[in-house]
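Next up: a single chain in structure tokens, the form predicted on its own.
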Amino acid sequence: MQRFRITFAKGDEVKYISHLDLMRAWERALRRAKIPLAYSQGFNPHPRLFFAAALPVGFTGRAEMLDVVLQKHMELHEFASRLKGQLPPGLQLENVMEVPMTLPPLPAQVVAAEYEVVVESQDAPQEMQARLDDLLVVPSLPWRRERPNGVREYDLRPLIRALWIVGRRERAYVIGMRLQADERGTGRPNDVIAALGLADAVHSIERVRLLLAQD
């Protein structure tokens, strides 16, 4: 057995496909590349592919992660070379590295995620900075999230680790945020933007980095 960790970008062309369709796209690409995939046991075996974290529909991703388990050894450069030519438009291979089989499952290693959100705003830079600062100083931020099975009430503030202004583009700002993403809770950039009073100003959301426990 061998385990490769793929870092890839999910671009605008595929930002509206579901996580399930993304999994299928990767499975098809790996099969076309004739990668010797390892499969799960049982009546309905599946390729052993493990995504770090599902990306919501409508988001792009700059450094998404996927672990692939192989049943036979391959050289890393051959794996990457075969795969590059098989990816559909919108998916781009950024990096491949071999990781030990003994590491915990990739989803269990994720502790936080960083996003860049483009919002349209007429705020002066100091006004936008004040929005971020005012949110970060509150000790708690009661929040409600509607789900198909009911409303969930929780404190959004502990899920926000950092907020900053990445830059400004004419009438828009790029807001950076680092949000918790582990078994205790996962922060959502949409909720943070709404808490900043900018829910109607969102132009785009990109996940730019996933932070693992060992980072």
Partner chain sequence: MISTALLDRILPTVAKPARYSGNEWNSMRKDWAQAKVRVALAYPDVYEVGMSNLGLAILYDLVNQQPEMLAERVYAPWLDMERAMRQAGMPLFSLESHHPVRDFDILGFSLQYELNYSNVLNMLDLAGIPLLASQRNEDCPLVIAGGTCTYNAEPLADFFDLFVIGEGEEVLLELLRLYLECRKSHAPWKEEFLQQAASIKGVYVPHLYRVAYHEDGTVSSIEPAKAGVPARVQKRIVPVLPPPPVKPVVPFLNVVHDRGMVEIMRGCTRGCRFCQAGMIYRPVRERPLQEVLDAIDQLLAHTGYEEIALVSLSSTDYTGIEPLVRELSQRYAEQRLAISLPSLRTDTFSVALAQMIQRTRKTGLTFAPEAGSERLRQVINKSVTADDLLRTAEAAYASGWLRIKLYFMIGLPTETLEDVLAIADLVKAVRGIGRCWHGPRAQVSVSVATFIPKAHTPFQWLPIEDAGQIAAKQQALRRALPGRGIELSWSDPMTAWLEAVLSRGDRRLGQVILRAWQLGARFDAWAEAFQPQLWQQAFAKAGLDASFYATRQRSFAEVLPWTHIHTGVSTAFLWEEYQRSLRGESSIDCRGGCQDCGVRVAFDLDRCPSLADDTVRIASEHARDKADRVAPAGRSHMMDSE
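Residue numbers count along the first chain shown, from 1. From a predicted model like this one, the values you see are computed outputs, not experimental measurements.
Beyond what is shown, the protein has a form predicted together with the partner chain; the following relates to that form.
Only one of 142, 139, 125, 89 comes within 4.5 Å of the partner chain in the model of the complex through a heavy atom, and that residue is 89. Scanning 195, 9, 25, 201 against the partner chain in the model of the complex with a 4.5 Å heavy atom cut-off leaves one residue, 25. Using a 4.5 angstroms threshold between heavy atoms, residue 57 counts as touching the partner chain in the model of the complex. The closest heavy atom approach of residue 39 to the partner chain in the model of the complex falls within 4.5 Å.
Contact between residue 45 and the partner chain in the model of the complex is found at the 4.5 Å heavy atom cutoff.
The partner chain is not drawn, but in the model of the complex it has no heavy atom within 4.5 Å of residue 184. Stretch 29-37 is the answer when you ask which of 29-37, 143-151, 176-184, 161-169 has residues with heavy atoms within 4.5 Å of the partner chain in the model of the complex. Residues 13, 14, 15, 16, 17, 21 of 2-23 are found to place at least one heavy atom within 4.5 Å of the partner chain in the model of the complex.
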